[in-house]
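Encoded as structure tokens, the following chain is the form predicted on its own, with no partner shown.
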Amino acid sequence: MDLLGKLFLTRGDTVMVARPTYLGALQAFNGYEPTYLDMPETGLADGLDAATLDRAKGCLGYFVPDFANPTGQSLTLDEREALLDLAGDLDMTLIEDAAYRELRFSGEALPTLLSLDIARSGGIEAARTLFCGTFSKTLSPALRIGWVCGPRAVIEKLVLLKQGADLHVSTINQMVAHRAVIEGFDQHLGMLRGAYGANARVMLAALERHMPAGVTWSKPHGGMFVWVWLPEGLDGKVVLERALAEERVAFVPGEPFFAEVPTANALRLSYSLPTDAQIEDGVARLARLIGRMG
């Protein structure tokens, strides 16, 4: 993300993002001092007023189509096509962050934005989408290995930026990742999907049992996160302070995930690590607190 920001952004350039979007990407882009624009809910260019449409021309777009961090939600096929329509109308370069794509535990896989873009444009050299993958969510975060697929001209510039930053990723780490991928990686992914799917079902059931009226949440088919909308008037940061002090429960408040217009009454829950008992107990404690605060 940092290299892409360095390549595409200068101060004042516009970045279009989902609402909410991945906090880590915002942190990577912020150093280049862009302005942000929330994608219209319709995903269509005619959903933008004239001033916003002019501002969005030639912008950079950042999206997580599969099991987004923080919401856990995915773009439907129609939404992916509409996003590509919008990108074409605006001459937008798209960054497709596929960090969680391999973690689907229910439902049918959908085509990547890059594959849909290639089908439209006739080849990767004419595509406007840059596909970003990683082993951090599937193999090991500590390896720090990811990749970008896109037109050769862009990749060549990214190689130069990478060389200027740290020469290259550790050769030993790349050898380890390659060995792991060719020896049982599919089986490993199957185990991961099963574990995350089971944890997600426990969390969704606990939310259904315990949360008071007025609280709603996403229902992911993959990834690691559930996004919770709190009743109007509750601030996720304030809820966190009290949750730590009164119930010994931690989560990530929602406001930092909003790039253009902040929204406070939301939070992100993760089910990747805790046990079933911890999920049940944590959700019950959090729900008890929200009930008291509401």
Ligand SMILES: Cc1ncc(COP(=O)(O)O)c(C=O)c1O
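Note that this is a predicted model, so its numbers are computed, not measured. Heads up: residue numbers just count along the shown sequence, starting at 1.
Missing here is the form predicted together with this ligand; even so, the following discussion is about that form.
> Judged by heavy atoms and a 4.5 Å cut-off, are 64, 100 and 136 together in contact with this ligand in the predicted bound form?
Yes, the whole trio is in contact, each within 4.5 Å by some heavy atom.
> Which of these residues, 193, 201, 144, 221, gets a heavy atom within 4.5 Å of this ligand in the predicted bound form?
In short, 144.
> Would residue 265 sit within 4.5 Å of this ligand in the predicted bound form, counting heavy atoms only?
Although this ligand is absent here, residue 265 would stay clear of it in the predicted bound form, with no heavy atoms inside 4.5 Å.
> Choose one stretch from 64-72, 248-256, 48-56, 227-235: the one whose residues place a heavy atom within 4.5 angstroms of this ligand in the predicted bound form.
Heavy atoms within 4.5 Å of this ligand in the predicted bound form occur in 64-72.
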